[in-house]
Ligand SMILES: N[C@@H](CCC(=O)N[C@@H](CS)C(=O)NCC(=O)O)C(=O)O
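Given as structure tokens, the chain that follows is alone and in the form predicted on its own.
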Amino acid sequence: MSELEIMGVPFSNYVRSVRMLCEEKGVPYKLTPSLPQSPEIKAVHPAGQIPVARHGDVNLFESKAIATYVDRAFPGPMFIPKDPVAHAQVEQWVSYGNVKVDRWIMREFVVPSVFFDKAKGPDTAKINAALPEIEKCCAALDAAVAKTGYLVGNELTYADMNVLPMLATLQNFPAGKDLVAKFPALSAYVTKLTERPSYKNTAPPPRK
């Protein structure tokens, strides 16, 4: 079968999560840089969102669906466990990451901090309003990883790969770095996981 192709922009946290999974499993893949709403993305994802994946006749959208396919279709260690309890817990934390962590860190804090009308400046009211919600997310994640150093069980799962790019991006901002530092277990967790080759190998190029 043809090589797995992941389409999207390298700095997308969800593109990076899927790429990290491929790296951890040792799955060869090709990253095709593609912008959201581009014709090639809309040909797979009805809402034009990234990432999308193509593998022979298989076309998939939504990062969790792509991750599930990669984890099941290719050999290597499993990062979405077959055990029903652990599997459900991975689903639980991926869902929480997508609904809460991504919303408050990426959509409500990072995006308005980076992408804004230079004439108007960043929307500081929106950015500041996100901080208390981000702190709630950090508290929940801190409590979870304090037990074993991972969100599920005592080994890395896709749940960790899903939230790590969000948390690491948050720490690029002074206010975000201060927030994470308030939670020792979460801070140690981010430090540990960002040292993994899968994280380093998927680093996006510096923004110009």
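Residue numbers here begin at 1 and follow the sequence given. A quick note: this is a predicted structure, and the numbers were derived from the prediction, not measured.
There is another form of the same protein, the form predicted in complex with the ligand; it is not shown, and what comes next is about it.
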Original post:
Of these, 24 to 32, 48 to 56, 175 to 183, 137 to 145, which stretch puts a heavy atom within 4.5 angstroms of the ligand in the model of the complex?
Top reply: 48 to 56
Original post:
Heavy atom to heavy atom, is residue 37 within 4.5 Å of the ligand in the model of the complex?
Top reply: yes
Original post:
Using heavy atoms and a 4.5 Å limit, would one call residue 199 a contact residue for the ligand in the model of the complex?
Top reply: no
Original post:
So, in the model of the complex, is residue 62 in contact with the ligand at a 4.5 angstroms heavy atom limit?
Top reply: yes
Subject >> Heavy atom of residue 14 within 4.5 Å of the ligand in the model of the complex >> reply: yes
